[in-house]
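Shown next are two forms of a single protein chain, provided one at a time as structure tokens under the names structure 1 and structure 2.
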Structure 1
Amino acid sequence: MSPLPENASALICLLLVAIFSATGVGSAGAAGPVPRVLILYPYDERIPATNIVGEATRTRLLEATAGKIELFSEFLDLSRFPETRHVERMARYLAEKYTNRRPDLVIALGEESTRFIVTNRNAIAPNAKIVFGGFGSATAEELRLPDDVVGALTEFEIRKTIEMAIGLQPDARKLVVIAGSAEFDKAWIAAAQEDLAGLPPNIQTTYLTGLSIDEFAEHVAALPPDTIVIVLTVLSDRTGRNFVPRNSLEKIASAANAPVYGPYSTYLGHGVVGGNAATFESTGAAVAGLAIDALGGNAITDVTVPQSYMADARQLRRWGLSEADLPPGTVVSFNEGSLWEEYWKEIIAISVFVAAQSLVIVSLVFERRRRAAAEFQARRRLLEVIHLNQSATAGALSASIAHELNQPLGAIRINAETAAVMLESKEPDLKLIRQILADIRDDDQRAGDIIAQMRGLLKKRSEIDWQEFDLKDVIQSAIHILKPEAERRNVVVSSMGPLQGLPVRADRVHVQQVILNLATNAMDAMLHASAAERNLVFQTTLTGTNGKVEVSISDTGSGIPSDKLSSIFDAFYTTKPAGTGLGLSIARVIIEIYGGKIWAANRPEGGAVFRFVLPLARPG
């Protein structure tokens, strides 16, 4: 291997130096050690306000030091974990984590971070300077910060936001101030109360707090439109749900029936008409400025971040508020006017084309949706009508069912009382008592079965409950339900047909309804037949080779007038004085839903017969 030329080895040396200094690993360059800055975020990474401040701070720091700075970020997550144990754990963890890299400067964003680092300063960053940002002088005073802890004070003057609102809505007489249930939220309300003490007396102020997010939304939806709504923050609501304030605001603002204002720049574009605030970007810049001065060894003092009025042009339009009523110097965003003014011809041409195209697409989609919706509606209505008819059938049979139910109940009562009397005697007949108890159990079972059948009759469903069941069982259960009524009317009920299973796939309650409907019709038809000749016959037959079951229900009544045979299944056709004329048409709909057919005929020997076929679930 030939030795490398001189200049080549020198080049590699240079390259290595460049790499080391760029990554800052073990670099001991002429600029001295790179300063370490720890940025503490009070909440988690979802909260836009602190993120914007933090990002602005970072950007500014990186710019000012040309990247020669080591930045660390920690999210303390104190809105979700406010408990002391978490705070202590966090402090221990950070103290441990930064053992070998003690920060030269800590930037605490927000009140909670500041309190945290002031309390745990010795453990985490003993020799570091502390710079804070994101709260006002009142809070700073309350925190009783050491003298060497300085920051960029942001004064949230809620009063200015309200003055802006009053300027836009001079007729408003009602002011609603909203805040959530977190500590931070409550502090806000307290501050606002103080700030609003000297409001004009003709404006009635309501502080709304301690509600769930849905209750807030509900409340603001009911407000008269000339109300002014101020949303401070909802970090958590009454139910303990945590929110990003921007999201809770969005929810409240979208439900509101009146213009909503808020004191944060992050609220802009999320439903507020506007507000007065120090922007988070400017807060970040101010904090970074203090940090740079501190790192440079300069003496620093608290600064105040400038505030500005902000407004959302779309919201102004939405509420019919005039831009002219805004305080001077207000920054209006989301104003699309300028684009329109410059390119209106092009926009129109493109729009017309796009609109024409969209119109076709939309109409097609709409048509499809409409049809689907109509079908859905129709089906829902149908199921409702079917249910109504179910209830009517159940109502017609309820007297019989009550009678049926009174038998076991009567027996149970007498049995229980008898057993009680027997137990009083000197030598109770335990065998007999045991028998009584067995009878009670059987009667209870019987009563339970009757109730279950009744419930089946009344079951309401908005969906078809497809299931496979034996048609034979449904017929048996229908006969059981009808029996008392049939007896009352001296109708003899009988059934004929194969005893093997007749599996069909349908909604059992629907099929039972058809059978009950046809059978009660049949009994009604025999009202005037002689008492000795009232026969109701159920017959099941397997038909064809394609696996169908035919059910016929025949009576010995007067039959159907031959000219009515074709129209008897039409809606509103009825021969009964109190009939709705829906029973048979519903029966037809039900049978057809399940792939069957229904028809009626007169029997040569007198009386009518109704037949329906249903496909077998398992043919053959």
Structure 2
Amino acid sequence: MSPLPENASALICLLLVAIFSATGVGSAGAAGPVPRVLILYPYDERIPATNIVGEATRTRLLEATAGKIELFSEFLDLSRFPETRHVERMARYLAEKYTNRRPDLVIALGEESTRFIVTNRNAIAPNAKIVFGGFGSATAEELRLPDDVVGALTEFEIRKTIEMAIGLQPDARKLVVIAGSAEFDKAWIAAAQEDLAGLPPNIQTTYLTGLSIDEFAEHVAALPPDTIVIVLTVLSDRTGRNFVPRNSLEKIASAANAPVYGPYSTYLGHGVVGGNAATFESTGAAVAGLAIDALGGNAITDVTVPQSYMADARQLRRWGLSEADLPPGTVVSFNEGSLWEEYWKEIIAISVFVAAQSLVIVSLVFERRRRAAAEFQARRRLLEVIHLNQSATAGALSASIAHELNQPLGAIRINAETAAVMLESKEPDLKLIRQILADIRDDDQRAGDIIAQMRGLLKKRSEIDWQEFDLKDVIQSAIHILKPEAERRNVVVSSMGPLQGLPVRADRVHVQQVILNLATNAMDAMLHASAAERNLVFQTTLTGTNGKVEVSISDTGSGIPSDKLSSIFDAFYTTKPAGTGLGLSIARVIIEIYGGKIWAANRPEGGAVFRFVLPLARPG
């Protein structure tokens, strides 16, 4: 590779210099020091007014320079230490302190700070520009400031505050203007007297000064309610006690018997109804704007900070003043909105939640009623089906029942005829006739019982007849009904069980129907068995801890096919040519209604056995 020609290397170097210059990369080390700004506060750190102006100024300067600025703050404390020795001592101190860091610009907040830095400029910041804020043009003219000292002029037109008060209190005839005993306070009184010279003659103006803070409070407490009270500043009272003006205002306003007004925005929220003033935030922004232009080398001149009317909605309500009487454009603070305006989002959310919850509740109630109606209909249909099954059972047993009924009726007839014959004899055997009559009564009772049992099977009910009864009695009743049919089929019926009662709580007719269904099925299953082997056995057994009773009905038939055992209780399942397939399914429903269980099995010795259990009403 051959080296580049000499003129080509020089051209490349020129291009690199041009590129670096354009991008600023090579100029980083040549950047100058950041500007230094000294902010002078006239009082100590407790005074809100100058603190707000200073903080607004700092914020604006830091934003405009992206933080590339050195800011220093000094509190001169000239209210508590107005003596010349303190001022001179403070000037020497600051001159020594900033020997190696002379400010490029000094911001003086308030009259005292401006006078201080103008007087001591050569010692503290000999080449610095000076920007002031916090007082009006009259004060600036009085100070005879040099031409290069400019600022944001804040005009305190106390007359506008008075006009605002007269608009709110048109019937007021007395005006009281209050100021403290400090030099600054006295200057306020002088300015107010000059500004209020042309007030209407029907308003009596009193300037109240030279009192202690307690005397101020006592005086305003005794004023008539239609008085207008103006509090200027009370930096110190007659006793020499120093105050933060906002705190002295609060004490006076809380004791006042009439509405209180003031010329400072910092008074708002501390007892004044309102006033006309430039806000301290806007003063700080204006001062910062002048400082930025001055540091940028731009020409600057005095600017005036705009003023506005402001009011406290709470104080308006306290004194019964109408917001409609405020000057146009008044900024009303602390105006609490209605409950809807303050919490409309929360109210909507809660309303939606309540509405949704109500909808769910209504839906649940509707669903519950619909389910209850469906359950009622289902129960009614079930009872109808059970009744149909009862009727079918009664029909199947009607022949046997009729045969059973013929026996007492026939006996009654024979006994009656016999008794009639005996009564026709000369000496009737009255003892025998009495016995015949007793037999007639017993046969009549037997026939009545048979009819009552038949009526029970045929009775239709719309509700379950809950009752407690002895299960053994129901079994014996069923055996009695089945007896004629069993005899006709040559079936031997027997029963076994414990001696004590077996109380259960259910519908007696329903349980009897289950027993009759199972027993008639058992007798049907023994049709093809030999006459000597037809045995129908009822057995009751206490199970568990005597909490349930088990009833088994076994036969000696051919049994149930093992693959059908699990389905014989299904609806419409039957092995009979003329069966409906509903008897066993209805039996299962009845037993389950009363908290029981039913099942079937084949006996090892042959035949089948059906069992069901019911809970005892009074477990032993």
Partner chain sequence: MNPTVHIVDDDKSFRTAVGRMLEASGFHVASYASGEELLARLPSGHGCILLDLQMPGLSGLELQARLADLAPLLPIVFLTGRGDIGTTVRAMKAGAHDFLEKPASSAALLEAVERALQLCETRRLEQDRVQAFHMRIASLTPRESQVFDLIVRGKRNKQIAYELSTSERTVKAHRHNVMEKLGARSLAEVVSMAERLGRLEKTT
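For residue numbers, the reference is structure 1: its sequence is counted from 1. All values derive from a computational prediction rather than experimental measurement.
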Among the two displayed forms of the chain, which is the form predicted on its own? 2
Assigning every C-alpha to the better-fitting rigid part between structure 1 and structure 2, would Pro327 and Gly544 get the same assignment? no
Degrees turned by the smaller rigid part between structure 1 and structure 2: 129
